[in-house]
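What follows is one chain in structure tokens, specifically the form predicted on its own.
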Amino acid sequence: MKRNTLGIALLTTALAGTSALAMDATITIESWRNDDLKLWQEKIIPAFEAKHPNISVKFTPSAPAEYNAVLNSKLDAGSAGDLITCRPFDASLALYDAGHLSDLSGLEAMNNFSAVAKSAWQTDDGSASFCVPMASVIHGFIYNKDAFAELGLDVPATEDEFFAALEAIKADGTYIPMAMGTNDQWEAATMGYNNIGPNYWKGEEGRLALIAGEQKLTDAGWVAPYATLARWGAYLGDGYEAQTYPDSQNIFTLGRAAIYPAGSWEVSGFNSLADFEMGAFKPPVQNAGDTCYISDHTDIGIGMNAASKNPEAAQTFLAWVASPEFAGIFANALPGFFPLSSTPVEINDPLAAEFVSWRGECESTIRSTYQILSRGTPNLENDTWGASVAAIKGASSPEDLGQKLQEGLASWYAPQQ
């Protein structure tokens, strides 16, 4: 399969010798993040063009729900931009396998990222990387500091402390202990199971063992999080079964709930909506002193269109995206979306800074179902949604849920057979 790798071997030499290309070039970026348009136009692009005045950059986003279809149509027609914003895992892998994304493994800037950071944009065997990682989101819990102070509560570090805090909030009656519903299902898996689960299956150790067929979804580390979720239902407030994701956001930002199971992507929105001080705490460990694990989930990357007519300029931009300068701009303009490069970045937003500080305290992993394990039918990611809801509602036992998920995965995934 033919892929455009022109200039990658020479790129680092070229970048070391000049800050701009000898000839003018205009490169275009495809993206689904249309809400970021001003950020790109007012901060990211001007910063890049100041360093590379011979390269002009155009950011041309599509509506998020239409991005995949629009992008595929443009790629097939040969009219897609030089740079492609990459969703994680299979959607971008499919573009690479179809020859639409270049192999960037030879780009020296890729050395700025860890194996976990690159995993969302690599072939299954890790031999090719086709997108530069841009940002991740981190899971944990956001809490109302005013409510905690009012009730005399400390931030929980262990599960016993966590449930003791929930019980105290419930007993007081002023606040709903925790704002999360099960109507939309995905929250129960994303902010529930894959939030607390890494502490049970030991992050990457368990996730990779599941992919390799060395662990099963009936093992204790994969079943136990459902038992913990089964205890959440008592603290989610009346009618949580019909509560939607926007409902939960409103309940928390209006000050009616004390805790919100969260992804860091909420930071910017919550900052503009809540009139109380917020803090964040990481998923509680089972016992004091245990190693902690966080879901530091790869969310967005950027790759090069293999048919780009400006490959040198595109690669120059990709190398800059891997730089501390880009990381600092992106992280502080979009607090809660965290750079994935190995160089530390100072984050000004205090709530976002709390989330990212956990990288120095805990082991990072990604959501367990996102790489390889949800390619077949039944889809493990979607089944995990339903299983997480069933656990919270008490509709099935944790053991039965694990058995059902294992049978579904084993029905199509050879390493689990």
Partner chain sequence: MKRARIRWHILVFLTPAVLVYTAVMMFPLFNTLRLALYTRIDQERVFVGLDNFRTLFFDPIWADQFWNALGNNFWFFVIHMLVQNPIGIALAALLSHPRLRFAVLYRSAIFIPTILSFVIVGFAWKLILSPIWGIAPDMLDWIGLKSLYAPWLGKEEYALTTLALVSVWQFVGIPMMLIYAALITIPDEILEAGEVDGITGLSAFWKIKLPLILPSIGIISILTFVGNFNAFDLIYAAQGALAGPDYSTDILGTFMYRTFFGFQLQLGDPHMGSAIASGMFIVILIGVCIYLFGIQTRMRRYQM
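Just so you know, these numbers come straight off a predicted model, no measurement behind them. Numbering follows the first chain given and starts at 1.
Note that the form predicted together with its partner chain isn't included here; everything after this is about it.
- Between the options N382, N34, T28, N54, the residue in contact with its partner chain in the predicted complex by a heavy atom within 4.5 angstroms is N382.
- A heavy atom within 4.5 Å of its partner chain in the predicted complex is found for exactly one of A242, A212, A288, L273: A242.
- Heavy atoms of T377 reach within 4.5 Å of its partner chain in the predicted complex, making it an interface residue.
- Contact check for R256: a heavy atom falls within 4.5 Å of its partner chain in the predicted complex.
- Contact check for A94: a non-hydrogen atom falls within 4.5 Å of its partner chain in the predicted complex.
- Its partner chain is not shown here, but in the predicted complex it comes within 4.5 Å of a heavy atom of D238.
- In the predicted complex, no residue of the candidate spot (E167, T228 and E363) has a heavy atom lying within 4.5 Å of its partner chain.
- Only one of 35-43, 369-377, 56-64, 350-358 places residue heavy atoms within 4.5 angstroms of its partner chain in the predicted complex, namely 369-377.
- Contacts to its partner chain in the predicted complex (heavy atom within 4.5 Å) from stretch 329-352: none.
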